[in-house]
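Starting off, we have a lone chain in the form predicted on its own, written out as structure tokens.
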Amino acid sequence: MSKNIIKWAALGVTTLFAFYLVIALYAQNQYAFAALFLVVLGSAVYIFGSRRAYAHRYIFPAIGGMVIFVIFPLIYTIGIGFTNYSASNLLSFERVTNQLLSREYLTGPELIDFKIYHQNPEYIIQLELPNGELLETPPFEFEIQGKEPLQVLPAKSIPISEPLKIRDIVRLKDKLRGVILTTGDTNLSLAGLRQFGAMSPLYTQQEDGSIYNNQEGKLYTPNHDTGFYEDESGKELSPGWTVNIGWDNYLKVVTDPSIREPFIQIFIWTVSFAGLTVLFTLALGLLLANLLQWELIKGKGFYRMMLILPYAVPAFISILVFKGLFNQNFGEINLVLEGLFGIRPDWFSDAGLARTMLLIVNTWLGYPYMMLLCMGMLQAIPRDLYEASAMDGATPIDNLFQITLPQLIRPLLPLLIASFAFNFNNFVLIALLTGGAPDIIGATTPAGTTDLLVSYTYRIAFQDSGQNFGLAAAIATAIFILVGSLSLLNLKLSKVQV
């Protein structure tokens, strides 16, 4: 009985928490997240409270985690790809309108410097007119004053306390914005951290929803196709709001030459990089694994330990070490090459050399994994196959292509495909070693000759001046389709039923 009470009490608390969380997200206009938590937490309450769903409670944490951290982000990313979501189109239409209507402009002839004195709990604002005359407010409290204008009169005496420093004024900035000073015929409001001025609203909203610029005398109407307020000539007001633009981001990748050409170039390099990395790491790993199987070699344990070290050291440390070694001016590699051959390659500024450097470093980082795989699989190959080939007069090369590779390739193939998929999205190597440089000339988006699709997407989303999240989401969706296809192929080759 007590167990049931505890169970239903826990379910009740969870339900109340879920209800509160969903309502809070909905109140913040986070409808997608509200729906996500409503589905996940509602499913959890049903599964853990129903006898018919008893068996599902053991797998639900994994399914819930997959929904929250994999499926939902994927759906959310795909959805962003159909919008103009960017640094200039982050807000909702209502928030953009409110922000524009809150802007002010100077209508008076000049700005007036001010100082503020604190006489706990009251404050005094002192104005210094251009002619040197001092005006001041009576002592007031921000919380009590409200929106009532403060009459400024000629200063009678200099306040005893020191004026507030700029850091203290910054803390009071929001409160000072609500203060209105009046000289009788002119109202003054905060125009900066050190000045007051005669300010008026820059925009006035019309009945039809458009806004009128009082300073320029122009009318701006909302364009819900582009997500901006525009005047008759098409001039846009920033910021804009997020709107659905359909397939524009996806079509832009195909139709815009300044995006299509870098995208195709980066795609070809991404596939080449991933494929060559798998080939080089497999070749080096298989070679070293065969050498470590050689009976004449002594101290195999020591060699295994040393050869596995690149796999044990965190990758980012190795990458940063290589970045120093390949330094064009002071790196040890160039010092050696200059001393031996009189050359000093431009590893980071030449596209071909930069790509070569990436392959060298990635081969170094990846060969221990392949070596470990090959060492284990070589043990499973029957030794009598090699003995029979020796009797037939086969050479080591014949053994490699006639026995070793045929025996290894089938169990290795799914792992090779997984390695290809990993290197297809090897963001850390690019970000730490080259940053995508050197840049592709003529591209309108931040694109480099050593960028992979994943780093190219990151740079569009977070390094581009416009931070075009919508275009980045469209490219990320394309990457998902490619990697998802590879994963499906991996499952098929592994004979896993899907």
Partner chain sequence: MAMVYPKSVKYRVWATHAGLLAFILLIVFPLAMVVSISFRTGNFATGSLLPENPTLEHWYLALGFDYIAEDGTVSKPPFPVLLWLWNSVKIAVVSSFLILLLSTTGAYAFARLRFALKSTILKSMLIFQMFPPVLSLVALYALFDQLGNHISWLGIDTHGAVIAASLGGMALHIWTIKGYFESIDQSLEEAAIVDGATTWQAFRYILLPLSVPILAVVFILAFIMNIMEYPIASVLLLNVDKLTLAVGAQQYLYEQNYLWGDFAAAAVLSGLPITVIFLYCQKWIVGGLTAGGVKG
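Definition used throughout: the rigid core is the maximal C-alpha set that superposes within 1.5 Å between two forms. It should be emphasised that the depicted structure is a prediction, and the values quoted were computed from it without experimental measurement. Positions refer to the first chain, counted from 1.
One more form of this protein, predicted together with the partner chain, exists but is not displayed; see below.
Contact check for Ile68: a heavy atom falls within 4.5 Å of the partner chain in the model of the complex. Although the partner is absent here, Tyr85 is a contact residue: one of its heavy atoms lies within 4.5 angstroms of the partner chain in the model of the complex.
The shortest heavy atom separation between Ala461 and the partner chain in the model of the complex is within 4.5 Å.
Put simply, Phe322 is close to the partner chain in the model of the complex: some heavy atom of it is within 4.5 Å.
Not one of Phe93, Lys165 and Trp347 places a heavy atom within 4.5 Å of the partner chain in the model of the complex. Shown without its partner, this chain lists Ala155, Ile211, Leu284, Leu202 as candidates; in the model of the complex, only Leu284 has a non-hydrogen atom within 4.5 angstroms of the partner chain. Exactly one listed residue, out of Phe142, Phe316, Trp247, Phe401, brings a non-hydrogen atom to within 4.5 Å of the partner chain in the model of the complex: Phe316. Comparing 231 to 239, 104 to 112, 422 to 430, 184 to 192 against the partner chain in the model of the complex, the single stretch with non-hydrogen atoms within 4.5 angstroms of it is 422 to 430.
Of the residues in 59 to 77, those that come within 4.5 Å of the partner chain in the model of the complex through at least one heavy atom are, in sequence order, Ile59, Pro61, Ala62, Ile63, Gly65, Met66, Ile68, Phe69, Val70, Ile71, Phe72, Pro73, Leu74, Tyr76, Thr77. With the core held fixed, the Cα of Phe60 is displaced between this form and the one not shown by 2 Å or more.
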